[in-house]
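What follows is one chain in structure tokens, specifically the form predicted alone.
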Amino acid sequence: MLLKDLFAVTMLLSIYGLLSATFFVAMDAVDVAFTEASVGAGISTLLLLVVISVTGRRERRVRHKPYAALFVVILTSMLLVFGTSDMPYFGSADAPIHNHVAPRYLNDSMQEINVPNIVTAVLASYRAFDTFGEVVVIFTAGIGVLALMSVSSKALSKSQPLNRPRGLYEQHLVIRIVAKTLFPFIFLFALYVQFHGDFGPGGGFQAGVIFAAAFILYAMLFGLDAATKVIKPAVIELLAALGVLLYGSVGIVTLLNGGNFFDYDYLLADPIAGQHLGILIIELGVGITVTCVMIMICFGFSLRRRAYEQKVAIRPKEGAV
């Protein structure tokens, strides 16, 4: 509430994300720490910077007092605190999660799925339907943002670049070379995170935001036109839907083979091999959708900024005939 510089707020939010990630590491929640570092301190920071380039760096002064909103926040907080009063204490040995859920996954996951990373086994197999819902929500959010901004791949392809002064990357050779040198390593690390989630922290969500962060960073450094030459907006939109379809098709195949929805045991003759194949395919679908949705949002805001700048550029000056 005190800071009016939105860039400073974004940087503080990014620092808070990194600190939260370190707290999760100290609590041995490495997968959550990885997600917080890549999403909270990574892709979110880049997207907020893109938004600031559209809205402006300084926050406008609020002339009214939002007392109604403050009342709603206080009331909701009180209800949440009241709702948690009946919950077991943190770390209590009598909590249901320690007596029913956690022992089930810890004791039986290796025999049923044979995946060293239990978090991946839970998210991609035991809770595959829930994770599918999260992917659909991400895809829907991306489509909703584009619909609200009235942005499409056709409009993006027809937009004309503006005559700008040379950017920082054009003025300094070091920035251009270092940035281009880092991109292959970012992509390589993203591939490692994507396909190493069975054995360590990682998976489609984390790999997707790392892939997207590389493309967004490229667009911020070298411009929207150069980024759209690397990957076409129409291809991004197609791949975003393809990732969701790839994920859902695994459940359809298991149903056709006589099993339940997302029961990977029915994918192959060997149930363990079927589990591994199912997890590999759905994680790939997650990574594709997350990557494309994040890039879609970034390109959408960039197009909105370009449209505004073109409108300002062609607006006649005051006093002109």
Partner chain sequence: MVSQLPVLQVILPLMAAPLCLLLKRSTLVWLFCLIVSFLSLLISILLVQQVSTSGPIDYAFGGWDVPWGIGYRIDQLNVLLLIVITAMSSVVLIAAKESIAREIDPEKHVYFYILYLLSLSGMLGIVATGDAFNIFVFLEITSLSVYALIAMGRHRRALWASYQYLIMGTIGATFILIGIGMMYQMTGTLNITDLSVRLAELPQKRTILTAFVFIIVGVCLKLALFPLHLWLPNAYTYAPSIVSAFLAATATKVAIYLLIRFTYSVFGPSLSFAAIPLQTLFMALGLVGIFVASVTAIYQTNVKKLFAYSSIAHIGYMILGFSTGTVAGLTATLLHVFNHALMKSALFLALAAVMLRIGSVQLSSMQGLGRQMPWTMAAIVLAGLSLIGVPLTVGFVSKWYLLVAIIEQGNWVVAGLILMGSLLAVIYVWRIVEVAYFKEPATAQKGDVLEGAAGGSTEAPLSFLIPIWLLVGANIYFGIDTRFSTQLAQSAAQSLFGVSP
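Between two forms, the rigid core is defined as the largest C-alpha subset superposing within 1.5 Å. Residue numbers count along the first chain shown, from 1. Just so it is clear, the structure is predicted and the values come from calculations on it, not from any experiment.
One more form of this protein should be noted, the form predicted in complex with the partner chain, which is absent from this view; the next part is about it.
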Legend entry - Contact of Asp225 with the partner chain in the predicted complex (heavy atom, 4.5 Å): no
Legend entry - Contact of Ile281 with the partner chain in the predicted complex (heavy atom, 4.5 Å): no
Legend entry - Close approach of Leu268 to the partner chain in the predicted complex, 4.5 Å, heavy atom: no
Legend entry - Sequence-ordered list of residues in 108-140 near the partner chain in the predicted complex, where near means a heavy atom within 4.5 Å: Glu112, Ile113, Ser125, Tyr126, Arg127, Phe129, Asp130, Phe132, Gly133, Glu134, Val136, Val137, Phe139, Thr140
Legend entry - Ala226 C-alpha shift between this form and the one not shown of 2 Å or more, rigid core reference: no
Inset, instruction - Using a rigid core alignment, state whether the CA of Ala95 is displaced by 2 Å or more between this form and the one not shown. - result: yes
